[in-house]
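Just the one chain here, the form predicted alone, laid out as structure tokens.
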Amino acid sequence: MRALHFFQCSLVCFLAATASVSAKSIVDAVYRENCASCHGAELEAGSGGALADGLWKHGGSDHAIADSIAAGILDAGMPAYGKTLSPEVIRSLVVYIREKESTFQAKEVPPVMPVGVVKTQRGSFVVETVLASGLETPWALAFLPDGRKLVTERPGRLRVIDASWNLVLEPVNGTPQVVQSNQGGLLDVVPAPDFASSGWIYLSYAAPLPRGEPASKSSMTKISRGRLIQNRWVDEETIFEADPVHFSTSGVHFGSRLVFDRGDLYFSIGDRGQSPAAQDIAAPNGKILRLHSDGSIPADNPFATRIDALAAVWSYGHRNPQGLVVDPRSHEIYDTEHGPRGGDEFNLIRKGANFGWPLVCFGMNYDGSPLTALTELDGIDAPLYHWTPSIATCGLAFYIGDKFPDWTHDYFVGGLRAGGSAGPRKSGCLQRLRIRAGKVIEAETIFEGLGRVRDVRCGPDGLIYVVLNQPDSIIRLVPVLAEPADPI
């Protein structure tokens, strides 16, 4: 209680002192009040030195920076703030410094613009646009065995692309009703593993309340399956639908990525803007869920026998997972999920595990106010990698093709923002992660600046396909053979 009282007093003090500033400037006001006189208004210089250039004399990790703020660096003339600022406020300052550091680096380092041949740490490629127009906010891409492709549009349309990448003009008729509100709409699409024989296609979307419930604008993530016959959606079946008590008028955090492993369906639902529900195993909010392909409950789900839990829950404590993929070698499942202002995560999803939201987080609230000082906690699975500042992770692919041998078994992460910068790079990015022995050992930006990356898929031809918003298009990465070495 003393710690909570300390945090509340600290927060009230600096909120009262900054009542005349925009809500988005809360952490800026804390910095100006306590730090700017020594480190400059933009963290660029001053008697205490720059904070944005990434050069740290006393340790550059998050923990080291927080310790420096709390304990001070007395022999350098920096006072200790541990008695005047709470740990939560200090954590917000660390996130703020990381944002400014990223903005500084964005000015110093040219963006990875894919013009001509792009040379990366491992291999080179060119970008080809396969569909330049005709889509409105495309959200997900799926490949069918006969060469056709399916693409969802968030306003509620399922579209077919033929084997030659020509968009069928008429949307698929008869698809489920969706609620298009903010982040809600028609979202992911995945064919069943046995699609060639069953014809099943799975959709995730923001659905209205079930029939018979009082009319409202409430919605919740729903999973349905159906078949595609002559451009019509038929044989629809509900795979998952939440209890009406969990529906919300909030237009955020639907999650809703779909992936199959060993015949079972895993899918994500975000916290729907109700962060405490992510810790409630009786609610679908903030969860990865697992069902058999027909919607029935696997007997070995971690909470299947508990009367106080939703039997479909596989893992919990998630904020808004919009990337989900399986490593077919190990059957390990990974997700990427949005943090708040900072703290996007790349996680190895374990059965029954708690991933911490909102108890632990590497970010802060969007208005710059503190969220939590904790980035780790006993009983909480830590991310394998995190982005602070945020890149707004969306879309995740595991590369198993043969066109980029130097990328084999790497992960490709889409971002709705570029480089995590709070500065001028407002367009999205594609990043590559490499895991060895359970740790991320390589992370690089493959490109940025082409648009907001909504989805990433490894195509059956071994190429990497990327769904973009702003502009609404689909591109692919095509390898370029290495240049021959100069003769000796």
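Counting begins at 1, following the sequence as shown. All values reported here derive from a predicted model rather than from experimental measurement.
Here the subject shifts to the form predicted in complex with a small molecule, a form of this protein not shown in this document.
For a residue to qualify, one of its non-hydrogen atoms must sit within 4.5 Å of the small molecule in the predicted bound form; none of T238, F254 and I288 qualifies. Stretch 49 to 57 is the answer when you ask which of 49 to 57, 458 to 466, 444 to 452, 431 to 439 has residues with heavy atoms within 4.5 Å of the small molecule in the predicted bound form. Interface membership of G273, defined by any non-hydrogen atom within 4.5 Å of the small molecule in the predicted bound form, is ruled out. Contact between A41 and the small molecule in the predicted bound form is not found at the 4.5 Å heavy atom cutoff. Remark: M220 does not count among the residues lining the small molecule in the predicted bound form, judged by a heavy atom distance of 4.5 Å or less. Using a 4.5 angstroms limit between non-hydrogen atoms, L377 is distant from the small molecule in the predicted bound form. Of the residues given (M78, L131, V360, A142), M78 alone sits with a heavy atom within 4.5 Å of the small molecule in the predicted bound form.
When you look in the predicted bound form, the only residue of I73, L384, V127, I400 with a non-hydrogen atom within 4.5 Å of the small molecule is I73.
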